[in-house]
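Next up: just one chain, as structure tokens, the form predicted on its own.
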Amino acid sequence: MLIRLGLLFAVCGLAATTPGEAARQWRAAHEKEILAEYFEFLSIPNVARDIERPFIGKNADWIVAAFAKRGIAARRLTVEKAPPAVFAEWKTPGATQTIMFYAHYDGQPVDMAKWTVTEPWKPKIVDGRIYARSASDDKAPIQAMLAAIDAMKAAGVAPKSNIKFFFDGEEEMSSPHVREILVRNKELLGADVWLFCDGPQHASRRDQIVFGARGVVGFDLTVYGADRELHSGHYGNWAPNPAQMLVGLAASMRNDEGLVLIEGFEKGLVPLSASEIAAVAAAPDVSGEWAGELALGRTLGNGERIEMLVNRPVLNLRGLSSAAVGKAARNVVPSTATASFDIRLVKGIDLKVALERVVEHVRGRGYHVVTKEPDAATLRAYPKVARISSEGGYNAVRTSMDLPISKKVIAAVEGARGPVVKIPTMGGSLPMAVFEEILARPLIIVPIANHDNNQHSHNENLRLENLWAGMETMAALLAME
């Protein structure tokens, strides 16, 4: 009976008139099988930095096997001491266009004690959501692609383009080896467009297409006082207090509305085009709703929409450390104080230039700036010493919405899902700059995860409806003209 039902569905599937309809029909008859396969995938631990352990490679092997099961050749792309990337190709004879799909299979580290719904690699459905590490970021689009392929094959819907897939194994570490992988395999990875299937849908819970991502560079700023902590009663009026100094220095960089005060910080910014500004204006404005959900009594930017603000660079103070607080606090003048920052970059501003502007600002406040831990002689020689150490990063990318391929992507997704939100730049960062530099092709982001997915945190989740909708989106893109 089961075999007959399967054959009946396959025949009915042939009647599907669009890729999106094919995906909907396939899902309706195969939800259990799709979820069983996805749970198997989610059960494999995938912290990228655990490369010395076998789990990260097991994820790559699972993807290779999943594509092979569908008759699509896949293989690892490797470089020394790095998680493997996975490449697959679904060839279409006579195709004149090649589309590359990008996603990543690695995930962020976990704090086991904070996972309250389930353990990170024991997927569980609760109230219509799948809970597991990488359930949304970023195994979801991989599973959606696999299920979409099944649907298309069952319905006899063939791709019109040559289809390639690239699955990154270290995106959550900023893809430090992807440059080498791209250079080694440049011809193999050639395509007319790269579709980055990562990130969340719009906060309005509508599908969105994003045409760029901010770049990012992080750095630590440390200022110095005496070479050891001092008694605050004996020395508090006399010895410089690095914690106080650092607070003042940080405050000099940014005002209460989030405007960065560093001279020339936005110089070089590439402004939005008329069509990009119009697209933002047409997007649902959920600022008030989102602020309420986050229990925010105010937002920054003098009332400007968040979709516009993310097209400007920002300096973010992400942490402070000096001596101790609470029950561990001591009556001391701290010896050092450190602030950790990240700069979110936009198109036209290079990360090295942005860092140098920070250095010049700190110097302008009277500090001697070093890049290594200063010795006693250096501390004695200058009234104020600051150390700035950068952790590296990458630049921003933005593809024009007006390109023919951009319009094709919009048409394909809207054909399956209806009108979508079109955003010039997402607030988060993706390591897309190296792809643009080496491959020189348009890069477009097509996310499918729910915006409230707890990505990178505990209890990460994916709404089931987003997985099903993602199948439709992937089918439409796989069959794109």
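Worth saying up front: this structure is predicted, and the values here are computed from it rather than measured. Each residue number is its position in the shown sequence, starting from 1. If you superpose the two forms and keep the largest set of C-alpha atoms that fall within 1.5 Å, you have the rigid core.
Note that the form predicted in complex with another copy of the chain isn't included here; everything after this is about it.
- Among 190, 236, 348, 264, the residue placing a heavy atom within 4.5 Å of another copy of the chain in the model of the complex is 236.
- Taking 216, 157, 146, 358 one by one, only a single residue has any non-hydrogen atom within 4.5 Å of another copy of the chain in the model of the complex, and it is 216.
- Of the stretches 32-40, 55-63, 425-433, 442-450, only 425-433 has residues with a heavy atom within 4.5 Å of another copy of the chain in the model of the complex.
- At the 4.5 Å threshold, heavy atoms of residue 227 reach another copy of the chain in the model of the complex.
- Taking the partner from elsewhere, residue 292 is found to have a heavy atom lying within 4.5 Å of another copy of the chain in the model of the complex.
- With a 4.5 Å cutoff on heavy atoms, residue 241 counts as touching another copy of the chain in the model of the complex.
- Residue contact check for residue 367: one or more of its heavy atoms lie within 4.5 Å of another copy of the chain in the model of the complex.
- Contact annotation for 303-322: residues with any non-hydrogen atom within 4.5 angstroms of another copy of the chain in the model of the complex are 306, 309, 310, 312, 313, 314, 316, 317, 318, 319, 320, 321, 322, listed in sequence order.
- Annotation: Cα of residue 129 displaced by less than 2 Å between the shown form and the other one, core superposition.
- The two forms, fitted on the rigid core, differ between the shown form and the other one by less than 2 Å at the CA of residue 183.
- Taking the rigid core as fixed, one finds a CA shift for residue 334 of 2 Å or more between the shown form and the other one.
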